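One chain is shown next in structure tokens, namely the form predicted on its own.
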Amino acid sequence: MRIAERISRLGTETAFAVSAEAAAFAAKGNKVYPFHLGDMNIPTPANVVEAAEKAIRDGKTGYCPNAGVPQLREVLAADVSASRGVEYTMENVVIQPGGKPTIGKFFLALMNPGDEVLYPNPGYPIYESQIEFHGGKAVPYGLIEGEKNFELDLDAIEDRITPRTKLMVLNDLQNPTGAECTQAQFEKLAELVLKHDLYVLCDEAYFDIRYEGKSSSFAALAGMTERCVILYTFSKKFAMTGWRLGAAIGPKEIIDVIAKINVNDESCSNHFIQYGAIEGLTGDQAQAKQILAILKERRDTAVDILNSIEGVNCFRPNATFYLYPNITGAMKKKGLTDYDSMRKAYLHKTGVSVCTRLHFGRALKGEKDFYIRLAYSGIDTPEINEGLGRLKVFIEN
């Protein structure tokens, strides 16, 4: 069988392989603490569910406009405008079947074969996969440990820009590190974008998963609204990961192109689910706030235990539901020298299943420290206590 050559450039999320390994271990009767996959075990707010069910009963089960239900586009434009400090209308919004489609469609709309695209590494692996699959050249930039959190390596970003650089992916409030840009970093980045005539995919999937402070959008900076496409998803804020609903928000000229791609790819996003999303944005927010309260408790529990383990250092990020502890000292203490042996030792000795730095891109030149990523969105607080307690005993004994 002659599989198309482009498929050789298509990557994957290797975290799913970790999930399969953990499931196989659990099937043998072992207890597993699933910190590896960023799914959520928190129910979708009841009012959102009820609105979607009502839409089914009301017959919203056929095709809908390719760009999405107009009512949803209107309320989402208003919500994002108010929270980001920008001015969007429904003409700037195109609904998507999840957050991921915005990534690929952004590249399809703006990237020509051979164009270079800056993307974060460590970062969500689908960026690199989609850049290369569609014929671009993926150019990674790193993140570095700051005083209180991880930070963009702005020097590395500037050094990697060439005449062929056309696009950039910015995932502020980042998966996997929880990194968050300061205003000064945003301003420096905006200077580079204008200087080199770049367009930016702003992945803001975790914009609303925030425990302290206030999230800011790069698209709100002077001159950036016209150059940024925001990736929006309902998955996190409303615990709707399996509903598959999101949006691309940006300049009308780009949004019109993405809507045209919708026609070719999936026709439209699920009709009745969009009415659930309208209720999520406009209805009672009590359960959405409860989701945040649950996640914050889990974050604090996990961070406190991790920082009590000898050889482990972990920031307490203000947003996302991920932790990215430095485990270099713990690796040395146990005599472990590579990620794979470490990950398997943690699973088989403690039941704790984690992803490692290498699940978020190839290690960059000069990297010396070791990191793991823990997602706490799918594991309850008592199990966090139990699992990380077992990990602490294993590492320190």
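Numbers for residues come from their place in the sequence shown, where the first is 1. None of these values were measured; they are calculated from a predicted model.
FYI, the form predicted in complex with another copy of the chain isn't displayed, but the following is about it.
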Contact residue in the model of the complex, from Lys188, Arg160, Lys296, Lys260 (heavy atom within 4.5 Å of another copy of the chain):
Lys260
Residue within 4.5 Å of another copy of the chain in the model of the complex by heavy atom, from Leu154, Leu108, Ala78, Ile144, is Leu108
Proximity to another copy of the chain in the model of the complex (heavy atom, within 4.5 Å), stretch among 84-92, 283-291, 177-185, 244-252
244-252
Hey, in the model of the complex, is Gly335 touching another copy of the chain, heavy atoms inside 4.5 Å?
no
Within 4.5 Å, heavy atoms only: does Asn47 come near another copy of the chain in the model of the complex?
no
Since only the chain is shown here, I'm wondering whether Leu364 would be in contact with another copy of the chain in the model of the complex (any heavy atom pair within 4.5 Å).
no
Would you please decide whether Gly378 lies within 4.5 angstroms of another copy of the chain in the model of the complex, comparing each non-hydrogen atom pair?
no
Is another copy of the chain in the model of the complex near all of Val312, Asn326 and Gly329, within 4.5 Å of a heavy atom of each?
no
Residue by residue through 222-236, which ones have a non-hydrogen atom no more than 4.5 angstroms from another copy of the chain in the model of the complex?
Glu226, Lys236
